[in-house]
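Taking the form predicted alone, here's one chain by itself in structure tokens.
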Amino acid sequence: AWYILSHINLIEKQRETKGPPNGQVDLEVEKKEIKTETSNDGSGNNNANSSSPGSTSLGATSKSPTGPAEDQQTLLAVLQFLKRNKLNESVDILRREAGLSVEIDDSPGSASGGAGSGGASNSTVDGGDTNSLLSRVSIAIPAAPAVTAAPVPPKVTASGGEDQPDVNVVLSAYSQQGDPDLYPLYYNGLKKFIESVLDCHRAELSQVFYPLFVHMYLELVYNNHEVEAKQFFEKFSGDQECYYAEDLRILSGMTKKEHMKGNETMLDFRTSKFVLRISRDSYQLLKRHLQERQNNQIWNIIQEHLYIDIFDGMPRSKSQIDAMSGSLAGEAKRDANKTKVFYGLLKEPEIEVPLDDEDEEAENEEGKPKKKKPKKDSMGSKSKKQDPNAPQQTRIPLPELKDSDKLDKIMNMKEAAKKIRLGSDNLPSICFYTFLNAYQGLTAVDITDDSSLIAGGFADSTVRVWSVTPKKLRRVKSAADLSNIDKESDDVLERIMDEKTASESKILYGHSGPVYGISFSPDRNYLLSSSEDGTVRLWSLQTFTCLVGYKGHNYPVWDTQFSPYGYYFVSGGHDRVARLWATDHYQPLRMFAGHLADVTCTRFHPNSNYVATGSADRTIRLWDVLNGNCVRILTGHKGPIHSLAFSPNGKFMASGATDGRVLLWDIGHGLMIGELKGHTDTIYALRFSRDGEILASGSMDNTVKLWDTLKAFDDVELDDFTAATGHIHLPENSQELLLGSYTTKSTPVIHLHFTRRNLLLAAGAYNP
């Protein structure tokens, strides 16, 4: 190899008199120039190892004994390098001499440069896999005790969230390493430097500690320095932020190289660059320090595994950074939240509402049905302008209104006329539905929009539906009986129901595992349920039978929800992917891939053009239904997210997680605008009142809390600078915003629902 490289050097000198004195160094420099960032597409998929068409895809291997195949690959790498630089003369010389066996020697110029190229194999360039080939030249040169790794399969593709990236390729980046005894010194040196800088920079630079700590520990483990790794962990794990405690607990169990192979957390950390948002001044300080100290080990990790999002302006304070950090892969890049989001509501269809004058006056003053403004008559509808922030009516195809839907809307508007206006001085009554003797294990609850039916999903794989009005549940008659009915009669809808089957509740059998999510369709004709068995089932509430089983997820499906307009529904599960379905399609219409852990909850935006997903990776993503793109990534929660709710006007969102905090978000700007503290356990239920003045939250701490959202949203002032840099000043006013807290005897709250008249319904299973 040295012989070949000296040829390159000679030709380079002929072409360029100012070339470096050492051919190997020249190769390193060239290599660094062509090294690009791991390509990352919009949905967060890592395309690092997918090969380009027509190229020999070899994947990145770590150090391995040199053999004939290795020689050929090295020669190929050098040939490609020469071709790229149009050094045809050298190519010919090399080809003539290719018959000779080529040994890869330990060369002085490459030992130091090799460390910086460990992850270069993980990038893609125009010339196919030149990079991954070139990386072999420097990677195959031992810089410390050599470690042999398992051979890598010839082609590795990391596809949309379903197939995990090849473990060997992912781990090979850790094959480059320095002296294990120096790791604590490097880390300690950086720690002392950051503690000595000005206060304004210290908070920002402290963000580097956690990702550096993890990567340095994993590097030690990968290279079989178990004792040093353990000492490193014990010495510095206590310095990390408290919200990483769970991740560190998992990490502490990884003490051998074999443990790393099947560990999802490790792979997540390795394949997704940890994002830090740092001001330019702070970044320059850090860069200068590391370059002065020639602290290559840390600088290499920062370049390979971290994505530093630099912004111009004042550094952020500790509280501002803490508010946004805590997710598995750091903060969101600012570019991730730049896309315009049409958060306005769609224009309501024109429906003639038969109201007398008195009713109409009341309607004008205070009536608003759920998430929509009332339409008094067709004239009123036409005069209302299209919301400038709303999507086009035809942006996504929505189902047409049936006559029964129109009747339901009229009923809705009449109910809305009798609705109570809520506020800080006028709180809602709360009606709590307690599931007693639920030995089957209640796992999910939903209530229909008109509050007439309640359904529960259970751990014994059943779904149970109750009527909460005096009207009992009845099945449709059999086909033979239906043929005898006069189809022209006025009460045909009553006649088709079989009175013999009337009962207060029905049980739906079909799933083969616990039911984790359920959702009623807006027209109350269907019910969705998602289960541990990997399926989503659609049930008819006319016949109380299963109509379809949707099979797309390979693992448990944690949540499912119908669109506010029906027809579409979304599901999310353990496979980290959310899927958009239509009731009449067996296959999903869209797959939303990008989360680094389970998708734990899903929610449709009121205009049905967007879907929000909450995940165990501690982020919330907003997806565009039209094209499947991720348009918002929201970070700030310190634990898995279990509840989401959109405000009725579509402009804001609330989220609840295992950290006991409710966070409020402005969807248009993609910013956190409030933090509501008060719960002491996981928040499983969130719901805005029909007009959005009050947010109700329900938790495993057996309480329902009411929050003044009007005040929370009015206090926020957002400008372009704040949106660009993330300098959010969250008011510490949780206690001012808390309007009331209501405790049950011993019932965790797992569902909340505001009726059309703004009565709050809550549900949960009694925990004796």
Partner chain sequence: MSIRTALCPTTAMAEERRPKQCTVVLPTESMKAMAESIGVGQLQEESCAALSEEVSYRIKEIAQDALKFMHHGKRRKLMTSDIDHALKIKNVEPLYGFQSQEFIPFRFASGGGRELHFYEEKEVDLSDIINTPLPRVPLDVSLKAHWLSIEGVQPAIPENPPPAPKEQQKAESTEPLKAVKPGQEEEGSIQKGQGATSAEAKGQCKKEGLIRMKPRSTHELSVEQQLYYKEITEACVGSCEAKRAEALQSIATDPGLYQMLPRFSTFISEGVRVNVVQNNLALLIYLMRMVKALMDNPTLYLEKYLHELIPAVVTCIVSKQLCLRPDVDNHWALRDFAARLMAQSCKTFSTTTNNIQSRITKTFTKSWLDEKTQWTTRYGCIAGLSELGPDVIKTLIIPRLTIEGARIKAVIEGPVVSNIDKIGADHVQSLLLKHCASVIAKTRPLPDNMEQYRVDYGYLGPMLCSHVVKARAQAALQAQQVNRTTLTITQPRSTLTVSQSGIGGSVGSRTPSIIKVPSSLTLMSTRPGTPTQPSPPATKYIVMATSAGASSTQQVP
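Positions refer to the first chain, counted from 1. Note that the coordinates shown come from a computational prediction; the quantities given were computed from them, not determined experimentally.
The same protein also has a form predicted together with the partner chain, omitted here; what follows describes it.
Enquirer: Hey, in the model of the complex, is His642 touching the partner chain, heavy atoms inside 4.5 Å?
Expert: Yes, contact at 4.5 Å.
Enquirer: In the model of the complex, does Arg280 have a heavy atom within 4.5 Å of the partner chain?
Expert: Contact with the partner chain, no.
Enquirer: Quick one: is Tyr439 in contact with the partner chain in the model of the complex, heavy atoms, 4.5 Å cut-off?
Expert: Because a heavy atom of Tyr439 falls inside 4.5 Å of the partner chain in the model of the complex, the answer is yes.
Enquirer: Is there a non-hydrogen atom of Met700 within 4.5 angstroms of a non-hydrogen atom of the partner chain in the model of the complex?
Expert: So Met700 counts as contacting the partner chain.
Enquirer: Choose from 431 to 439, 472 to 480, 602 to 610, 688 to 696 the stretch whose residues reach within 4.5 Å of the partner chain in the model of the complex, heavy atoms counted.
Expert: Only one stretch qualifies here: 431 to 439.
Enquirer: Of the residues Glu204, Asp598, Glu331, Asp666, which one places a heavy atom within 4.5 Å of the partner chain in the model of the complex?
Expert: Of Glu204, Asp598, Glu331, Asp666, the residue with a heavy atom within 4.5 Å of the partner chain in the model of the complex is Asp598.
Enquirer: Pick from Arg249, Lys338, Lys318, Lys551: which residue has any heavy atom within 4.5 angstroms of the partner chain in the model of the complex?
Expert: Only one listed residue qualifies here, and that residue is Arg249.
Enquirer: Any residue of 605 to 620 with a heavy atom within 4.5 Å of the partner chain in the model of the complex counts; write them all down in order.
Expert: Nothing in this stretch is in contact.
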